[in-house]
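One chain comes next, on its own, written as structure tokens: the form predicted on its own.
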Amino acid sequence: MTCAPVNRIIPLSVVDGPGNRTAVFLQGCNIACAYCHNPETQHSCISCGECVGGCPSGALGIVDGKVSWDSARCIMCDRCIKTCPRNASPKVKQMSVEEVMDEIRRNVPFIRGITVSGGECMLHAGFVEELFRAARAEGLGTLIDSNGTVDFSRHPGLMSVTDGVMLDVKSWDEDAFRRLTGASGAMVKRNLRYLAETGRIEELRIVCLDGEVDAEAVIRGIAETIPGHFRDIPLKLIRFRPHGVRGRLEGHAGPDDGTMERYRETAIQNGFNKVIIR
């Protein structure tokens, strides 16, 4: 039975792809973005116990040397994930494909599909493929939300049951990408070409933050890398917001309206037909 660590499942979401969708967030990420607004999805809990004493509802405890979570007692205050020194969560569940599908089926009359995100969900590509096959068998659409650092071309089975990928392009300059994420951005550019050539890009995303993200270079880089493919792909320009951010960018201000409009104009000038500011 294929299982994966599930951070949370949002039954009804209108921000994780087109229409109303169920969004499944898997635990674990292979990069560490300085602007990450859900850093608790990055690492696995090591049962250090730091979060247990501060739980106001007594939903956390230590059982056989490991942190246990009682979902029935949890009041979802998120104090535990704010306390964790490791950017993890004690509320992650190992779930099978069928267990996740049981959660999804409750929402079927109201959703057009599912989106799997993270963390970085491509770290669990085998699980996602099985989940998508099960979802498609029940008439549901399937989307991936990815940071683009895992090679999509190595997972043709998953690609065959994926309607599209919402691809984050963190930065274009390699040094800037490393400063922001701690990793290389070369694979993102390879994936950009592969997904464009196979018609699998649902949406491109840039989180905009002056001094950290070279947003205009990203826009130009995309246009130059996939000419003939990008014009009608939605480009979402996301204003950085500090909600949930930990570390050096905690409390940092996002771009003003004028800056966001300048980015939009750059995108239009470079040939993007569908530019969305969020």
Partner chain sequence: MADTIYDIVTSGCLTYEQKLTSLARAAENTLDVLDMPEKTRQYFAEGVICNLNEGAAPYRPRYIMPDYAKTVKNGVKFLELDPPKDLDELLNFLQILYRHVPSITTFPVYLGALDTLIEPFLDGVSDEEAEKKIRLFFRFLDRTITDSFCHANLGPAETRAGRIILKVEQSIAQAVPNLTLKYDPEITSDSFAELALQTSLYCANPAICNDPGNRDTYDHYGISSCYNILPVGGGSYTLTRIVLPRLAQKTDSLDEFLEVMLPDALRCMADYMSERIRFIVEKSRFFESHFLAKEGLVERDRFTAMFGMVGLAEAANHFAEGARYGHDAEADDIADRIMTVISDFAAAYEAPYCEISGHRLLLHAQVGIDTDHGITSGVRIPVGEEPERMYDHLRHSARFHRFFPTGCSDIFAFDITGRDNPAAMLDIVKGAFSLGHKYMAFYAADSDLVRITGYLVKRSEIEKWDSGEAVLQNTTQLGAPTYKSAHLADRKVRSTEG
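Here the structure is a predicted model, which is why all the values come from computation and not from measurement. Numbering follows the first chain given and starts at 1.
Note that the form predicted together with its partner chain isn't included here; everything after this is about it.
Interface residue among 73, 106, 154, 193 relative to its partner chain in the model of the complex, by the heavy atom within 4.5 Å criterion: 106. Checking 93, 200, 112, 79 against its partner chain in the model of the complex, a heavy atom within 4.5 Å turns up for just one residue: 112. Shown alone, this chain has one stretch from 98 to 106, 146 to 154, 165 to 173, 116 to 124 that lies within 4.5 Å of its partner chain in the model of the complex by heavy atoms: 98 to 106. Although the partner is absent here, residue 255 lies well away from its partner chain in the model of the complex, with no heavy atom inside 4.5 Å. Proximity of residue 10 to its partner chain in the model of the complex: non-hydrogen atoms within 4.5 Å are present. Residue contact check for residue 266: none of its heavy atoms lie within 4.5 Å of its partner chain in the model of the complex. Interface residue remark: residue 20 is counted as part of the site for its partner chain in the model of the complex, having a heavy atom within 4.5 Å. Residue 278 is the only one in 239 to 278 with at least one heavy atom within 4.5 Å of its partner chain in the model of the complex.
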